[in-house]
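As a starting point, one isolated chain is supplied in structure tokens, in the form predicted alone.
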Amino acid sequence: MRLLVINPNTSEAMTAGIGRAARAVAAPGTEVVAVQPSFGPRSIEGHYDEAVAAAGVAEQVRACAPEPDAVVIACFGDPGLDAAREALAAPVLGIAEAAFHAAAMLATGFSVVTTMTRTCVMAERLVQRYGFERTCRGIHGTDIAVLELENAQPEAIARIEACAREALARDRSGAIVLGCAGMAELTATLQQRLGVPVIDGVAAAVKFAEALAALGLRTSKAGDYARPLPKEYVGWARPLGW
């Protein structure tokens, strides 16, 4: 199968890391194609960044031909997820949604450890949207900038570990969800140190996407996920129209 993994930010180093994390868990025979938008923020650390990044996801969805067997949106805010599901028949998974589902299968309660504290409210809204209010027991920011994770230094890893330990104790959680795709390559190290399940949404989304594709399941085209209505787009967005 062909799996398209979209990094919604424009960091080439992060796209490469996300691609490595996806390929590390992909089944034999799964071709992972990791891409990023041609425009937008280097990192996504707020509502404005996320709005622009969602348009970048739409760009990459429109550019993919032939349509892949499944798509993963590799940013914890799941930007552009509904738009991509409208545009494609293939299953489209966001890494936050996938991580929450995986964590809820492994523990009665989980905590999220993310990057900037200012994005914790954004993660809380996703928890509410996806219906995990009863199992997500806390969302914790490390105030590590996303781009610091392009080449995470020992100090940054130690801060993430310390935040996760505090979250496990304070929230009485049994698992940790990593709240940034840039943390994907730290998963094994953190799981070994913490002794609890540590869920990387990139890996979880890849495996769920493979499963849905293997089952022959497609995105429903009934109701709000029907294909976008044909209309003219103008200006820089002209190529995104249908």
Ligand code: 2AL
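Position 1 is the first residue in the sequence shown; the rest follow in order. Since this is a predicted model, take the numbers as computed values, not measurements.
Only in words, not in the display: the form predicted together with the ligand, which the text now covers.
For the three marked residues, N9, I44 and T119, a heavy atom of each sits within 4.5 Å of the ligand in the predicted bound form. Proximity of F76 to the ligand in the predicted bound form: non-hydrogen atoms within 4.5 Å are present. Though the partner is left out of this view, A181 does reach within 4.5 Å of the ligand in the predicted bound form, counting heavy atoms only. Taking the partner from the other structure, the ligand in the predicted bound form has no heavy atom within 4.5 Å of any heavy atom of V92. For the chain shown alone, A103 is not a contact residue for the ligand in the predicted bound form, no non-hydrogen atom being within 4.5 angstroms. Checked against the ligand in the predicted bound form, the residues V146, I160, A99, A84 give one hit for a heavy atom within 4.5 Å, which is V146. Of the candidate stretches 192-200, 63-71, 23-31, 172-180, only 172-180 has residues whose heavy atoms lie within 4.5 Å of the ligand in the predicted bound form.
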